[in-house]
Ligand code: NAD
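The data below hold one chain only, encoded as C-alpha cells and taken in the form predicted alone.
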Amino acid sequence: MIFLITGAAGFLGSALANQLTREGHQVRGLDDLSTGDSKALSPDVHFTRGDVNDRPKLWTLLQEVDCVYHLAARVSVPESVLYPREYNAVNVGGTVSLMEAMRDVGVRRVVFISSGAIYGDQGEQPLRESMPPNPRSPYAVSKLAAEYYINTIGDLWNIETVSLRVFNAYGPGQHLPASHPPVVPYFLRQALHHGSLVVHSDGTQTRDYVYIDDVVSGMIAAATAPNIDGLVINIGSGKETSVRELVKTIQDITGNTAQALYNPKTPGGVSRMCADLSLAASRLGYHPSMSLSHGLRLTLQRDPRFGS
C-alpha cells in the first residue's frame, strides 16, 4: 500500500512511518519540522518538508495514495491555553485543508489521530467512546472539532474515516521541549540526573500511559480494518496510573531518591483518564501488551538521550 503521513517527523508519526516501511509499504511523510525531527525517519520514507495547509504540495503527495494518516498538529495542553488561535489554525484548519485535497485527488480513506483529552473530566472510568465529550483545553477542543470535520466531510464526500483517540503515549524518541515537556521523558531525564520530579497538582490525578509500539499496532490496524467508517476508537493501555505511581516506578527503575515536588494544577488538566478498549479490541483486534514498568525500561534502553 501507499501511505501519506502528515506530521511524519513527530513522535507518533515517525514510529508509524518506520514500521510501515519495515512491513514493505511505500510511505510518504509531510512535516513542517516545527517540533518534529526528520532524522527520526528511516531513509526508506519519502520525506517532504511542508505545511499541511499547502494545497499544491498536498495534491502532489496524495497521488495514488491508498490511505492517509493525519497526525500533523500542535499537541501541548498548557501551550494551547496560551495560543488557542494557533491551535485552531493548525489542528482544525489543517484538517479541513487535508480533507479538501483528498476529495480533489480522490483518496478514499483517512485515519485521524485524535486524543483522549477530548473526554475531559467524566463521572466514571474507564472512558467509553459513547460518553459525551467534555474538553477542558483549547487543544482538546481543536481535536474534537477536527473529529467532527473529518466525520462530516467524509460522509458528504464519500471518504472513509476513523478517528483514534490516543491516550498518553510514551517511548523512545518522544520530543522533549524546554517548555511544557511530556511527563514521562521529563521524569526520566530528571531521575537519571537525580533531579527533583515536579508534579503539577497533588499527584493523585491519573493517566493511561501507553507504549509507542502498542499505539503503532492500533494505527496500522485502522488502515485496513473493515466496517469502521465514521467510528471513534480509543487507543490506550486500559490501565489507570496515578502520577504518584508513575513517580515511584521511575524512581525504582532509575535509583533516583529525590523528593517529588508538588506544584499547582496546570490549567486545562483533568483528574482521571483510563481508556475503555472494548471497541478497539472488537473492531481492530487491538490488545496492548506492554506493562508500564517494562515500557519505561525499554525507553531507557532504546533512547540514546538517556545514555543506555
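When you see a residue number, it is the position in the sequence shown, counting from 1. Here the structure is a predicted model, which means the values were calculated and not measured.
What comes next is about the form predicted together with ligand NAD, which does not appear here.
- With ligand NAD left out of view, the stretch that reaches within 4.5 Å of it through heavy atoms in the predicted bound form is, among 237-245, 51-59, 258-266, 275-283, 51-59.
- Taking the partner from elsewhere, Y139 is found to have a heavy atom lying within 4.5 Å of ligand NAD in the predicted bound form.
- Of the heavy atoms in A222, none are within 4.5 Å of ligand NAD in the predicted bound form.
- Among residues of the shown chain, T254 is not one whose heavy atoms approach ligand NAD to within 4.5 Å in the predicted bound form.
- In the predicted bound form, ligand NAD sits beyond 4.5 Å of every heavy atom of V184.
- Proximity to ligand NAD in the predicted bound form, taken as a non-hydrogen atom within 4.5 angstroms, holds for one residue of L127, L197, V75, V110, which is V75.
- Think of it this way: in the predicted bound form, ligand NAD has a heavy atom of just one of Q63, S42, S34, S271 within 4.5 Å, and the residue is S34.
- For the stretch 151-173, the set of residues having any non-hydrogen atom within 4.5 angstroms of ligand NAD in the predicted bound form comprises V166, F167, N168, A169, in sequence order.
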